[in-house]
Ligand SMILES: Cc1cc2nc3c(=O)[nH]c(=O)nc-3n(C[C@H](O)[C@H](O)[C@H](O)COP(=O)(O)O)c2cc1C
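Given next, in structure tokens, is a single chain: the form predicted on its own.
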Amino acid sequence: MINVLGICGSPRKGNSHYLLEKSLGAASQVAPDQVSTELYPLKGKKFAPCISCFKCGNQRGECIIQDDFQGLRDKWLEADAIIYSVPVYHMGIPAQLKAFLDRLGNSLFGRYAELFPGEAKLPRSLKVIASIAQGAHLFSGQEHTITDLINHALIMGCVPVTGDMWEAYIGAGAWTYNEVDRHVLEKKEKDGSLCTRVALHGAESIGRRTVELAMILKAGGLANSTRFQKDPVYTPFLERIRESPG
């Protein structure tokens, strides 16, 4: 089974949520009997910022701040693939999601410290990570935001994936025609807007490619597990794919 976690990084339920639903729907259709999807909204959740106390290093990666971080962290660790769908805030990702990513990265150094005694290393999780971003205007930071998430994928030892050209060069992007309504994209889709059709095609193609690449990575990992298990950097990846049925 390929477990796909869709994270809606918006503090409200609207256009980013809609794009993510489309992407997860396409992902599930790749192999309905082999793909499990979950949509996790940040709306209503609490994520305090990292305070750089480094106590997670002495607590097997457990953050001293107790909020919604722990629940999403566990879902993130269990997933084979992550699809982020976010609105553009100040040319980047929203603060709530940034707080989660900061704490995720720092806490995992402590979580996996036993694998790398005396060194500060992160394992190669080899999750597939896809990015969708929507802004108010046609050019309002969508590519900057997607690049931030690609950098996050690389730092975490994951594999960024794109949709299909020509709609999605590095990720899927959309704009809401300088409107702040939560359902702009849904309305524009019904109106037959070309820009919205392009955005939806991009979101759907990136959903499909996410699952396909996750399948390739899982099959390759299982086929070569004897070789890879000698290197601790692959331990969490091998444990995850072995525990996943199918």
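Computed from a prediction, not measured in an experiment: that's the story for all the values here. Sequential numbering from 1, following the sequence displayed.
The following text describes the form predicted in complex with the ligand, which does not appear among the structures shown.
Listed residues A136, L77, A99, A113 were compared with the ligand in the model of the complex; A136 is the one with a heavy atom within 4.5 Å. This chain is displayed alone, yet in the model of the complex one of S107, T162, S125, T176 has a heavy atom within 4.5 Å of the ligand; that residue is T176. Using a 4.5 Å heavy atom cutoff, S16, S140 and V180 all lie near the ligand in the model of the complex. Judged by heavy atoms within 4.5 Å of the ligand in the model of the complex, the contact stretch among the candidates 165 to 173, 152 to 160, 80 to 88, 115 to 123 is 80 to 88.
Residues of 114 to 133 are not found to place any heavy atom within 4.5 Å of the ligand in the model of the complex.
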